[in-house]
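Given next are two forms of a protein chain, the same chain in both, each as structure tokens and marked structure 1 or structure 2.
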Structure 1
């Protein structure tokens, strides 16, 4: 490892409305290394990297780049210093092409120098094992391809440091492997990579060093090589002991066998729906969801999972076919509020834009589905005391890291926002719970907690539709797994017959 750090953060401190997000944190980064940031939700990982990327200004502390003190006051400053960041929610323009997005805002003059840009990008693609269709619009790309555009954009602008925030949370296993190959190529070329993740397996597999944050403080630094040598399980234990004060990883209860009795509560009969541009997204899809079961939906992102969830949540129209809930045809009873009243709750995968109102408080978000009902309102007058009591109960039950119910949701970590969304929907005690990637962005302890809550909901009799791109998660949680490919349900596999190989083949469109 090079003796001179490329980046050095010293005693970085940042407060938000009385909450210390970073408390005198030291962090350094060397050329040719992968340095992973670990910590439970709200530990301060994203805040620290937002400071380095220019999105947030520290209250105190200093930043050095190549030994020189610098002030990073904007993302442009960060890019100028050779620091690129790929966020969980990509900052791309859907109606522009790949090459237009890469060059956007940085090409000198008024005319795109197409030949020069293509030449530079081809060299980058070769060096870093990337492949992208330059003339394709972003809206037509898969999630993995969009992420590669963000990486290519950073490399095109000569970034020596790449910050990846939960990069595999939106990827399939195959896309994750492609990302790791790119990261290893960057390391070989002397680039430095900061990897923010909650996944312990990939942390141990990819990291040179691991820094662990807890309640805003840096509490440990570990060697990735040392953890690989002691083995996966021991490595997990050492990390978990630091992150959660030597507590045991909660026992996974999601494999508890439930009654196999078939008691259909929700049926989709030959359902067809269209996408945002009029294309067919679900093609005569039929399935039955039983009371008290967890039905997993696997598939590469973009094969109809989002549309399936939105059909059930009342956010997208059925072109043909029927939806039957408890024996009643609800096909044309549309709208999210109507479906909530009927007993269908929906946990969206887009927690930031769709799931929560970021400018509203935790308390207000907790009753978004219930604000017209007593005891939260009476004769159109809101009862703030009852709303706050409801929110405080959810904060305690779901261990949401927040100073109080009046805090704006937009100031919280992504994991805590996800817990608010989960708490709100489960508090409705639905007949059917539709979950699209409900553990995305959550730490190991909270992920286990969420899976246990879904298990408890199913034992209570709730039918859970569990959409995930994490095969291991689906295999551990689901009673049955259906695989979507190009809008069709290729097959439904029972838990006892499901494995990574047969589900993986179906995800690629290979029928058994």
Structure 2
């Protein structure tokens, strides 16, 4: 390997109010390597990369690019040094088109020259096997596509360095594979890739080097090759050792056996609903959820999962059919607040837009939709002390990395924002819990914890509708799995009969 690093971060330190996000971190990046950054939620991974991309200014430390000391004062500087970043929460303008987003900031000349841009992009798409609808607005794209737009943007800038901040936590397994292919072709071309993830399997699979952050400090650097040689189990153990201070791998505890008597609590009867463009998304879907079960919904993204969750949460109209909760027809009792009051909680997969009010405090977010209830308010007057106590309890319970309940949610790390959302909805002990990709962006320990909590909720009698595109996750904790394909429930498989093959086939629409 080349012995001159492309990028060298030296003793980078960054403090925010009340937290030290990076504490004298050294980080090298060589051409033609994939350098993975691991660490718990809030360990400082995004912050370190934001410093490299110019979005955050370090308090101290220095940056060298190709051996020369540089001063990165803004994203502009960073981009001109050939550094491209795919942000954890995409830096795209939703109501501009794909092509407009790609050229933004890198337009040549005053008058936009579409033809030239298009031919450059065609070349890049061919080189990296990408494809994108150039004239579609970003808001109409799936998350996977949005991510490809960001990657295309970095490639369009001819970046030598690509930083990917948790790219796979929003991708389906198939999309992840495609992403890895792009990453590998970049590596072949001598570009360098920084990869942030919480998934250990892919870490070992694709990394040349691995750095682990813990509470802002860099605590270890490992070689990917070494880990691959010692085998997966041992590799995981080594990583866990440093990340969480214990050698014990969290065990799958999904062996709790529950009584199998069926007590339907929620029933969907021939439900039809429409998508954002008036197209039919759920086609006469019928489903019975039993008390105390975890019902997994498998399926390739975009087959009606989002719509299913939203009609239950009261955020989307049911065109025909009925929703029955505990024997009562609730089809027309719409609105998120109403449904929460009825006992249906919803953990959305879109924490930034729908899940949290980013400019409000942790305390306020912990009681969204609950603020009318005692003890949080009496006679329309909020009780701040009670709200703060509640928030503090959740912070402790979910180990949320935040200096206090008054901090704005928008400043938290991605995983910690997700924890707030989970903490709030789980604290309600609802009758029905609808969760869409609840573990996205969470570190391994917290993922384990959340799955345990879902188990506990179900033991307590809650019916959990667990939507995910991660098959392994579904197989490990669902009692039954329904496969959603093109707005229909193709089949429902009991846990004992479910395996990767038969569910995988159903996901592609192949009925046995």
Ligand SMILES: Nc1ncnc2c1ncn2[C@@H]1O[C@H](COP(=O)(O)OP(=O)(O)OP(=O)(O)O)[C@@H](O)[C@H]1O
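Just so we're on the same page, rigid core means the largest C-alpha set that superposes within 1.5 Å between forms. Numbering follows the first chain given and starts at 1. A quick note: this is a predicted structure, and the numbers were derived from the prediction, not measured.
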query	finding
Of structures 1 and 2, the form predicted alone	1
Large Cα shift (2 Å or above) at residue 295 between structure 1 and structure 2, core-fitted	no
Rigid core fit then residue 201 CA moved by 2 Å or more between structure 1 and structure 2	no
Smaller rigid part, angle turned between structure 1 and structure 2 (C-alpha superposition) in °	11
Inter-form CA displacement between structure 1 and structure 2 at residue 142 - rigid core frame, Å	4.1
